[in-house]
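Next comes just one chain, in structure tokens: the form predicted alone.
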């Protein structure tokens, strides 16, 4: 048994043994679980891929004279102003003003909230345009100016749902191409797409949320952030494999960090033709090896993780819960899967290469003593289920 304090003492002294989730599998095979649990202090996990439920709070400071922004746009992308005078929230999936969206299907969606976030982190100069109805204390009714992230008082990532524990494999059983957040899916099961780092992914290495919880310190595109709550749609009460791995989305994390400390190469605006825009983000989460059970769960392999194959032409949009079959991440990473007797080409929306890079960067920071672990202040719920939105008539 180890404690967070003991592990952090070893990190500070430069003696911590840190391995990535990719490395720990062979290490335990070689050393044995008991011996490895005594030696290893931290296992680093990571993921890189689209995370639609992301965004940021920005504070511009006060102009002279002052303005209370009631409507505002950054590079013509609408931001939410229903908070204090010069605070705004920018969502990753917000479209640019005037974008025809899917009026001429499939839409191109060339620029949106995720791209603004990418440009902010990259230090590019952006335009702010804001309107106001004017008040005695905030008389200015209109402002147009240019700024960079360094001109802002605060730029804080506040992401309601990141790091899905597992996810669907999207496929198309219809006779026409469909355009989804899982990418373009060709007709008649000609391709399939998935989105997860599999055995590197944070919550798949802690399937029962034993060590990842509210207050856990995380690596967000190079910045040190933390879990501030369970993520939206967190649903730990789900069907699991005999090894405890969820066979569907299950857990999620709500994350926050200082955007000014993020690294541009791990923040990318994303376009999904015919669907919209998003943000691809790199996240790393350290797993403290407190005991053998925690270590054993970090030895999960792609072959042990099953993902549900779902028809996005009918079953997904109709929300009927039908799963065609389940396939392992070992099969997915091979590039081909079998769906009802047909071999289907499969691609990934996430990058295992980038995830492994993040896991190694986080491991190096911990070894240098630049990243200490934080003990959770509250656990993530294990028994919560997803509720549907029910259409009801107005009460009489």
Partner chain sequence: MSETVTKKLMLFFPRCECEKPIIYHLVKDYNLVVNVYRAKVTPEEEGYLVLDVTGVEEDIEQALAFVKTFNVSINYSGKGVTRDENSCTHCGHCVTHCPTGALRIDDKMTREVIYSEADCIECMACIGVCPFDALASAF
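Numbering follows the first chain given and starts at 1. Since the model is a prediction, treat every value here as computed from it, not as a measurement.
If you look for the form predicted in complex with its partner chain, you will not find it shown, but the lines that follow are about it.
Of the heavy atoms in residue 371, none are within 4.5 Å of its partner chain in the model of the complex. Although the partner is absent here, residue 183 is a contact residue: one of its heavy atoms lies within 4.5 angstroms of its partner chain in the model of the complex. None of the heavy atoms of residue 328 is located within 4.5 Å of its partner chain in the model of the complex. Residue contact check for residue 268: one or more of its heavy atoms lie within 4.5 Å of its partner chain in the model of the complex.
The candidate spot formed by 81, 85 and 95 lies out of contact with its partner chain in the model of the complex, as no residue has a heavy atom within 4.5 Å of it. Only one of 184-192, 239-247, 316-324, 142-150 places residue heavy atoms within 4.5 angstroms of its partner chain in the model of the complex, namely 184-192.
None of 38, 342, 62, 333 but one reaches within 4.5 angstroms of its partner chain in the model of the complex through a heavy atom, and that residue is 333. For the residues 272, 228, 167, 208, the 4.5 Å heavy atom test against its partner chain in the model of the complex is passed only by 272. Along 339-361, a non-hydrogen atom within 4.5 Å of its partner chain in the model of the complex is carried by 345, 346, 347, 348, 349, 350, 351, 352, 353, 354, 356, in order along the sequence.
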